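Given as structure tokens, the chain that follows is alone and in the form predicted alone.
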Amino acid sequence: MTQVKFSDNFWAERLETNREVTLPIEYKLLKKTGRLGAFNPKAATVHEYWDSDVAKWLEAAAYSLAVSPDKLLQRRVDAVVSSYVNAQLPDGYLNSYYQRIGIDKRWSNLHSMHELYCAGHLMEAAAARAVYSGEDDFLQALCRYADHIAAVFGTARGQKRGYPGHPEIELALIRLYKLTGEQRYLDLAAYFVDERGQLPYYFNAEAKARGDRLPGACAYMQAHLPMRKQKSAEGHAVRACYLYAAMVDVAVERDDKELLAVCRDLWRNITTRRMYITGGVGSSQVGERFTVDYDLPNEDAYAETCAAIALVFFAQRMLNADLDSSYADTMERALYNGVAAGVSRDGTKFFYANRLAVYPELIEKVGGGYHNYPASRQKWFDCSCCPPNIARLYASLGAYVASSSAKTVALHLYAAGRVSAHLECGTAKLAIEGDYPWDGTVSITVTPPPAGEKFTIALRLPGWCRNPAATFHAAGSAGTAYTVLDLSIKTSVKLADTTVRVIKGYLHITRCWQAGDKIELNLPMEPVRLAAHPSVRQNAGQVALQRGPLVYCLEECDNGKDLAAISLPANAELHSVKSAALGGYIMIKATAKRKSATAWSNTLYAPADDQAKLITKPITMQAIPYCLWDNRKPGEMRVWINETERTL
């Protein structure tokens, strides 16, 4: 994460706001709502998932401090860490809820409570603190907790054959394993994956022991079948994608090809049948869950911010296992759209759910559905998992820009800045220039290690780009450019001692690089219409607009009320126009149609061929990036736009 420095016009500002505004605000809200005082026996209340909210903030703060030291933030982190370390029980157990309500009840309801989930987030925070600050007090405490959990759960006599209702600890255990080298942490993560869904259902057994109603097959929490037999994404979307990401980790660390094949099946099911165009996942507010193939409602969309973040985790791990641009394409889609929309531009308000169509009057009158999701961003939530989650992802965003192996550095995202990649032959440095995602011209200047050995730079060719091109400028050859990729004319010029190949959507250039060598990518960013699969019934007869990696939407403040009355002719030209609003962005303009309501008078329905009541008038339609909506005046919003076949 610290090997990437941002200087672009999209992420750099957001990361600075996250550091200077969001983290301090979240700390104050964690304190105000009692989360930071959860261990206090005199506190009015405590909740089973509060530790996870605190832990995600701690993790975000650890990343932030690694990039930008801050004495006040450091003092706050140290104080919160001390409160947890001092509260730990002698046997290693550490959970504010059960230590307050009764330790005798611990590990009695894995189905509904969040013990293992909270433990996982605490472990991730402890690992981040140890790696980026060198302080291992929290790490030692959480390793003791992990050892306690390893003693409680497993297949040996006297152990509980349970697993978490809310997966997450699996990711954390892999992280502890990589950091400490302790095999038992990897083994425990693998156990939680493989025990899940086995008969007899553990959640039924523990419910019976409590005298509660049996929960059944538990598809809601991915426990209806053993994980190796699951072919479709089911249940709570955040839990599912956390679990799938951990499964990739387990498969890679154990060279488990069967498990990795299951991950590929689940990935394909999500991205080809159950994912929103914004990279959001989870189509139902009831249960915050996946439903069935091609069920992607817009007004009732769930698409929790945490779910988009979890999909980013899944995508990154699939990408690390197999350098294939399809994984990076989805990661980029989720980051620039489903995740970025989750927090306001000023860093003070958040979305829990991310609808693709919003009509505030309806929501205000009948309520926002499950969790009463409002029509605009909020400062906090009773279940406030999303605000600290987006803070930790933003604070660690550099880790998603690039990755490296012994002889290859792969660039996945094209934000302007600098990347330092550790290779077998030394550290290679890449300086990225450009105005991505607003412009598709990207320049990459190379500073190789001093060893002078060959290595490969792999550049993602985005799936949204129809005709990518690349030229190479050798250091010292003033004005000389060599075409290394032009898919539109199928040519590739071979350079001396240089190999150029396209492999799984990445342009691989291998050579003995010289300081000052430069690659220029040209990724044309024309606005395009996208249609949904015919089985997505909610989007029949509609199109969405995309430019580069950004999905666009209509807002009431640009287009007036009744956005559903607007239609876009199939042959209307789409124009990219620079806007000065909201820090500057590219809007999409087009001449569209709007049905006139004045002719309808008091008639609710009329014959479709009664043209007098179907009068349309031309309008200039304006679309803005989805990630920027609800940053100006409140009002309607719509991603999918009605399409007509004829122009005006």
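Don't overthink the numbering: it's just position in the shown sequence, from 1. Note that the structure is predicted; figures quoted are calculated from it, not measured.
There is another form of the same protein, the form predicted together with a further copy of the same chain; it is not shown, and what comes next is about it.
Residues with any non-hydrogen atom within 4.5 angstroms of a further copy of the same chain in the model of the complex fall in just one of 196-204, 72-80, 559-567, 407-415: 559-567. The partner is absent here, but in the model of the complex a heavy atom of 533, alone among 504, 254, 161, 533, sits within 4.5 Å of a further copy of the same chain. Site annotation in the model of the complex: the residue of 326, 344, 291, 471 reaching within 4.5 Å of a further copy of the same chain with a heavy atom is 291. Although the partner is absent from this view, residue 210 stays clear of a further copy of the same chain in the model of the complex, with no non-hydrogen atom inside 4.5 angstroms. Although the partner is absent here, residue 352 lies well away from a further copy of the same chain in the model of the complex, with no heavy atom inside 4.5 Å. Shown alone here, residue 543 lies within 4.5 Å of a further copy of the same chain in the model of the complex, counting heavy atoms only.
Proximity of residue 138 to a further copy of the same chain in the model of the complex: non-hydrogen atoms within 4.5 Å are absent; the residue sits far from the partner.
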